[in-house]
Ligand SMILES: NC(=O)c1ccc[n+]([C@@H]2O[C@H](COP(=O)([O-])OP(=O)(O)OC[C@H]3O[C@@H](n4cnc5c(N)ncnc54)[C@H](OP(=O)(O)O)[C@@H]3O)[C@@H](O)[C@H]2O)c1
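Only one chain is shown below, in structure tokens, and it's the form predicted alone.
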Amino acid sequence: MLQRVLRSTIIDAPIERVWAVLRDFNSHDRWHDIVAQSRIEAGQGSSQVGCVRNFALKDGHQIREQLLTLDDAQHKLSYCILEASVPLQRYVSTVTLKPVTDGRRTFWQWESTFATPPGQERELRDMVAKGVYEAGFDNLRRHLQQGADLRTPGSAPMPMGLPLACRRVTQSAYGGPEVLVVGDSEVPHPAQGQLRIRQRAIGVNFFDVYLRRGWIPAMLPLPGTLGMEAAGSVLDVGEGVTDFVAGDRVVYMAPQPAAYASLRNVSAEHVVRLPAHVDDDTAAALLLKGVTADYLLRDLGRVKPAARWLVHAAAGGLGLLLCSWAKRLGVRVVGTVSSEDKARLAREFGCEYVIVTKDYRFADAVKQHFGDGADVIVDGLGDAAREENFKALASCGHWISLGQVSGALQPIDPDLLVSKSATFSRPVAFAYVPTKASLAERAQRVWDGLGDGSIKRPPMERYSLEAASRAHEWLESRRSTGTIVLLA
């Protein structure tokens, strides 16, 4: 017969602060007194569904548990015991948080079902209810009251207003993924107009590769930290910030790189709140790409039904997002990819025709499908595809150059454009969100698109912050699809 244990309590802290601790599946050795030590197996992220934590209790028992579900929107997770020296059989537990309406407090419910050997029902039920759940409530209260969640393990109590320790990825030289090194750092109290954010998910973009290689050294002086976007919770705010408070779930895209870290100060003008239906990983992966897709469709492409678009790297994060959104708006999309597997994915996300090519030869196929060519070309290929792009462009078409995977695009001769009465753009995303209001407006269209199905969520690869170099290796392998995030 299965036993059921349910306990609940109120924690005097904002829900996002409580959730930031509990969603870290490897944090319990820092706040629960019964746990001696813990580690996540196989190098997985500690908030990655499917990860396994292997921990020892102070009484000598050893337990392996697996994270089954994690929902940032509902503030809910579940896990089960895989192996244990304590005889809890078929143990499955769920943690649920809800905000308390009469103040910034949190309702926490912890429940489980399990079987026990005959005669040990009461003993084990009391152990779970009192020794694990009720003691855990008290332990976490003390942990939060001491501000222990705002600093790294083992550090001394740190008053608010002083620097906080964090983990950061830095590089001291330009080069390959191997230049990315993880180490300890500090983040000062936020300056005027800034927020200090505990980051949980960090977006990885191909632009980060350009900076890592040293192609734009003015943007990343050495030593430097990559990353333009991340999601997490506000820890505290600087003078003059009135529209954010501690505990708010937020995401940002900032024109200055430095996001590859567990903690960061960011100007409030680059930050937006997250709606409940958008989880941290999705927000970090899609804000910059979503804003880019928005201005490509609305501002540069001036999207209209039956318009003919050519989207390169159609199975990448931006490509999939753009293709699905454009298809919903009535655009006819042709995509280019480098493999048949990517072609299948691109078709699922809205491409009516996909060209598989590894040598930047696509113009003839585009014209065969579209007639005189594409009305809009979204190009991240760079100089190796220069001639093919112009050949694939229809009369009065618009060529948008967003990247340079194959190398920097050489200057375009205006007379070349005249021959097709064509136009050419080299947009920068941050120019299209010059104010906080404009960022919020574009971000809201992305969240609405995710909510109503206009935008399909691309597949996502998750890496721990410590595995940033491996994430870059995968991004550059030409085997990656969809989006990549780092979990801090």
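The numbering used is simple: start at 1 and walk along the sequence shown. Since this is a predicted model, take the numbers as computed values, not measurements.
Another form, the form predicted in complex with the ligand, is not on view; read the next lines as being about it.
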**Study point:** Selected contact from Val405, Val86, Ala363, Cys166, since only one has a non-hydrogen atom within 4.5 angstroms of the ligand in the model of the complex
**Key:** Val405
Check your understanding: Though the ligand is not shown, can you say which of Leu465, Ile11, Leu475, Leu22 has a heavy atom within 4.5 Å of it in the model of the complex?
Key -> Leu475
Point to revise | Listed range touching the ligand, judged in the model of the complex by heavy atoms within 4.5 Å, from 113-121, 284-292, 167-175, 187-195 | key: 284-292
Review point. Should Pro427 be counted as a contact of the ligand in the model of the complex, where contact means heavy atoms within 4.5 Å?
Key: yes
Review point. Taking heavy atoms only, is Leu393 within 4.5 angstroms of the ligand in the model of the complex?
Key: no
**Study point:** Contact of Asn205 with the ligand in the model of the complex (heavy atom, 4.5 Å)
**Key:** yes
Exercise for review: Answer for Lys342 alone: is it within 4.5 Å of the ligand in the model of the complex, judged on heavy atom distances?
Suggested key: yes
Practice item. Could you list the residues in 302-325 that come within 4.5 Å of the ligand in the model of the complex, counting only heavy atoms and keeping sequence order? Key: Ala313, Gly316, Gly317, Leu318
